[in-house]
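This document opens with one chain alone, in structure tokens, the form predicted on its own.
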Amino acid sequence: MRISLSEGAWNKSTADIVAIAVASGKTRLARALGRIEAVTGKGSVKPLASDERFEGKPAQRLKVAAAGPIKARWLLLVGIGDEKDAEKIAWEMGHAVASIARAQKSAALELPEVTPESVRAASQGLMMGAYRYTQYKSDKATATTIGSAVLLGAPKGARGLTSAIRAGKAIAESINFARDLVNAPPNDLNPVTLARAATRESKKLGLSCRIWNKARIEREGMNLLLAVNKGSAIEPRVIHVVYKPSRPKKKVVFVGKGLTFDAGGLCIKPAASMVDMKCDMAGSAATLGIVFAAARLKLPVEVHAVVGSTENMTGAKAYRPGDVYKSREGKTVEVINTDAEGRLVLADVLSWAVKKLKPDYMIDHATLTGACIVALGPYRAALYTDDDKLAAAYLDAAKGEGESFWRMPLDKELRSMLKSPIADLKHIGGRYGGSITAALFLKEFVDETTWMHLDIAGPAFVDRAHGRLPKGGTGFGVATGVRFLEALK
């Protein structure tokens, strides 16, 4: 998408569709509609707004045929409620107009404020709103969306606005890359092809990308990852992408769960629970998206993405409940339920990353537990860490990006649920506190590293659009991770 700046006003725009923010409240709504009708003519907007019960509330949209001397074909009124944050409003406007446009090829946005922050947000919203996954659609008309957008009211000679457009697009491109991975069907996206996708994108950005095959994984002693892979006909992969600028401020390692399909192993999932299990690699998609965004933005932080990828299938050699395996770190683990495979994969990868990369911060993304969705619902992720400063910084970054996290307790009293009578650990606890005991299991493999676990099982893949989340793969976590990196000192 081509995004540009203009000093012009909305009533002079020649774009196919022009987006205008409208606040809620009787007085503010009347003022906003009156301002529009002063140009388009009395009775051109207010009656339709009344008929459609458009009140300027958040998520409300009203598409109006332009009237009077307006050169644009359509006006899109975007409800913003009581929101006063110009950055959030700009994102909503960009996302709204790109989401709703079909026959319209060009758009213009009247932003409440034209600053680098709002321009970046609008650009990001435009690119994310224009996202369509149509690779397997014969009728490509469903992919139609705007090809160009103009951000209006830009002060002449204002600094930082052009680079803000580039930044917004860079983040959105990385989010949409992650969405594509999550939406891809499992017959096409498996550990091998996921590794190829990471390699292709790394080459485009000039990044180092190392891929481990099964033989290398065996040499590294990642027996938990290999156990999960035993029932699959497709080999596992470990993917390691590195972005390293000169004189980096910090080293941050992101680790991702890459289960390209999870049938549950021998503890097989019900059919209804299995149909969307292509999304079980959303943690790896977010992890890769973050490192690619860091490279696009040229952030002064060394960023690593490490992904453990496999399928969890039911083949003749599949691992069993009751099996015991020795982890890379050395602890023995008794398998209780083969459908709790993600923590086994992560345990070996986290252990390797701690020992070999020695990060300042290590953060993992994983669609780890259904218990997390039971606790927090489908639109919020769980955040686990013992480090208060890290938690505060990440929650602040999430707030700025409109992604929802909730800090959960690493309750030490539940650690006893992981005791095994025959091994060092059981890999799951019991029925209660399932998301917490999963995090406690991972904690066994991170030593003293400043570490955070993000269980994104809910918002990584949703069955209908909600707020900033599109239906299907959402790319959840990428934007927050990038903002966190940008704030590091």
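Quick note: we count residues from 1 along the sequence shown, nothing fancier. Only a predicted model underlies this, so the values are computations on that prediction, with no experimental measurement involved.
Heads up, the form predicted together with a small molecule isn't pictured, but that's what we're talking about next.
Mapping the unseen interface onto this chain, Ala170 falls outside it, with no heavy atom inside 4.5 Å of the small molecule in the model of the complex. Looking at Thr369, you'd find a heavy atom of it within 4.5 angstroms of the small molecule in the model of the complex. Contact check for Arg343: a non-hydrogen atom falls within 4.5 Å of the small molecule in the model of the complex.
Though the partner is left out of this view, Asp348 does not reach within 4.5 Å of the small molecule in the model of the complex, counting heavy atoms only. Exactly one of the stretches 262 to 270, 170 to 178, 398 to 406, 156 to 164 approaches the small molecule in the model of the complex with heavy atoms within 4.5 Å, and it is 262 to 270.
Interface residue among Val150, Ile100, Leu414, Ile373, judged by heavy atoms within 4.5 Å of the small molecule in the model of the complex: Ile373. Of the listed positions (Glu83, Glu220, Glu117, Asp339), a single one reaches within 4.5 angstroms of the small molecule by any non-hydrogen atom in the model of the complex, namely Asp339. Taken together, the three residues Val255, Val291 and Ala391 lack any non-hydrogen atom within 4.5 angstroms of the small molecule in the model of the complex.
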